[in-house]
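We begin with a single chain expressed as structure tokens, specifically the form predicted alone.
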Amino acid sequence: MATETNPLVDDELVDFLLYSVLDAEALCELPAYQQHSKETFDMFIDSVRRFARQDLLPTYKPMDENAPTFRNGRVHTHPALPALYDTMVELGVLTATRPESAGGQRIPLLVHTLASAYLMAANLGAYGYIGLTLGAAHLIEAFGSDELKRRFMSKMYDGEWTGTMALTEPHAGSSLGDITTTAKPTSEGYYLIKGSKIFISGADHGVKDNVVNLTLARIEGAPAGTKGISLFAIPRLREEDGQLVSNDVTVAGLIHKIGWKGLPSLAIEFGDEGDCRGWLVGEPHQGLRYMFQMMNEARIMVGVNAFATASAAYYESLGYALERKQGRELGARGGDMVPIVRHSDVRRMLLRQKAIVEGSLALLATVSRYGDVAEHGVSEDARERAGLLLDLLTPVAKTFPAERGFEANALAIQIHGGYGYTSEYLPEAYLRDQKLNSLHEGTSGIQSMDLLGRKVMAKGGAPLRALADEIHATIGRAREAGCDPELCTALEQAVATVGAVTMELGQRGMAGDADGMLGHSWDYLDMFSTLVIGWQWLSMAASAKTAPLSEKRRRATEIATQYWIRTEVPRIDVLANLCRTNERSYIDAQPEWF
């Protein structure tokens, strides 16, 4: 399939999720969204996906082939980026979810997520500048003073400056309690910052002149560990007498990545000359708590990127399978060659991609809707319940699309055969991009420990009970709609299994057996994710019974639901057994044995 004809994301699927499965129109009944309607939602999505397909997608391959360079102390990115960024700002993508007071339209997160998926599928690196700037500006909006909002946030939301987050340090990695960047208070209201950060996306580029780094650092004399971390806004350039001057933020090196070539990853230094100024965001020693807002938003964004990367590759492989002729159907004697989609093994790979890709988008859309209700629900109970589900499902929404998306991307290469691993075709580039999504914003292993060690056990297991209620409601709806009763029963049994395993592991943790609880956290995440995606497919299957769908979409939904629940959900019993028995091969393995 020629790149220019790749739809990136299926329009009918997006409409189906929005209006049949998740009832986006009901969000317009909430006070925060009363100014909106299906018409305003559709207008926003239509304008974004038109730009993604017509203007953004053609820039992906040139950016992948021409990575940023580091010359004379500055990072130089692709020359097309400034105009692309400005257009996305004009389309409202940057501030769509923000209130009018911040220059936004207060579009629901659900709608914004589905619209942004087209942009990420077209060119995830180019969209990255928008996503990072939105997250950084939202931190200042939520926790910063009016002065910081005037100084930094307004320029970021206006599209004049970009933003990013600077957490990781060379020696600490994901262990944020070990960061050593320091902040020395002054009588001028700012702090002098000294330290090093690494893997910082978009800290320097050619898109805009200035970047605001939302940075974690320790104020002198702060407590050790995570309790002593504060959050600072540190611009690359600072304003003095109406002019932008150097703020003693320098690029120490450019990270050469396998994917995401449009967005540079950098090592940066603060305060080499002793004059890097940072402004405290919020209260001292609360930085990690504040930063979790951006990290959680970024984890969902990475999940959408992972879906988008797998979706773009799926449509490349589907187009190829429909056009590429090779061999003849089983049992045929002679005759013309047939498109490879006529071969059952190719259809197996296409259906697996579809089940992963569309199940991922359904989950991300569901999580986004929980985010809308958590912030703007009409009752405290509704907001609390949605918040519990949002927190619980965030590690899954980040990890499943990335890990299984990598598998889907590999299948796209497999379908292309020898052409798949050549740079003349896009699947190899999408595979490189996808690998980064399992590492960005907390590796998959960290997400598994977060899910089992924190999320499912929070508030006495209330999040897990809320999820079980949601899944049981979907099963009831599916039965009433006339879905295959065997699929309903299989999912019902899976809910009981996951619940029982979780209770058993939780009891081990309370007894002080950390290995017994968390030793198989990865298997637990795999098991939990498999259940959650089964829930999403059954929900879509139930809605497909009455939704105004094409016959193609209806049948595809039925067959993908059948595929996932009959081929994947049975794995839950195997994974549950590993968690219960705490199979100890890698737990007991000593480092010197490897």
Ligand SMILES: Cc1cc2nc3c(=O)[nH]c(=O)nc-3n(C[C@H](O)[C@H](O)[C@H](O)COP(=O)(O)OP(=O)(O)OC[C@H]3O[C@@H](n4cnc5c(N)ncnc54)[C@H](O)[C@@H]3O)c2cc1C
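Just so we're clear, the structure is a prediction, and the values are computed from it rather than from any experiment. All residue numbers are counted from 1 along the displayed sequence.
The protein also exists as the form predicted in complex with the named molecule; that form is not presented, and the subsequent description refers to it.
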Leu254: touches the named molecule in the model of the complex, heavy atom cutoff 4.5 angstroms:
no
4.5 angstroms heavy atom contact with the named molecule in the model of the complex for Tyr85:
no
Does Gln493 make contact with the named molecule in the model of the complex, using a 4.5 Å heavy atom cut-off?
no
Should Phe406 be counted as a contact of the named molecule in the model of the complex, where contact means heavy atoms within 4.5 Å?
no
Taking the partner as it appears in the model of the complex, which of 281-289, 510-518, 360-368, 196-204 has residues with heavy atoms within 4.5 Å of the named molecule?
196-204
Looking at Val75, Leu439, Val89, Ala410 here, can you tell me which has any non-hydrogen atom within 4.5 angstroms of the named molecule in the model of the complex?
Leu439
Picking from Met153, Leu505, Ala126, Met165, the single residue whose non-hydrogen atoms come within 4.5 angstroms of the named molecule in the model of the complex is Met165
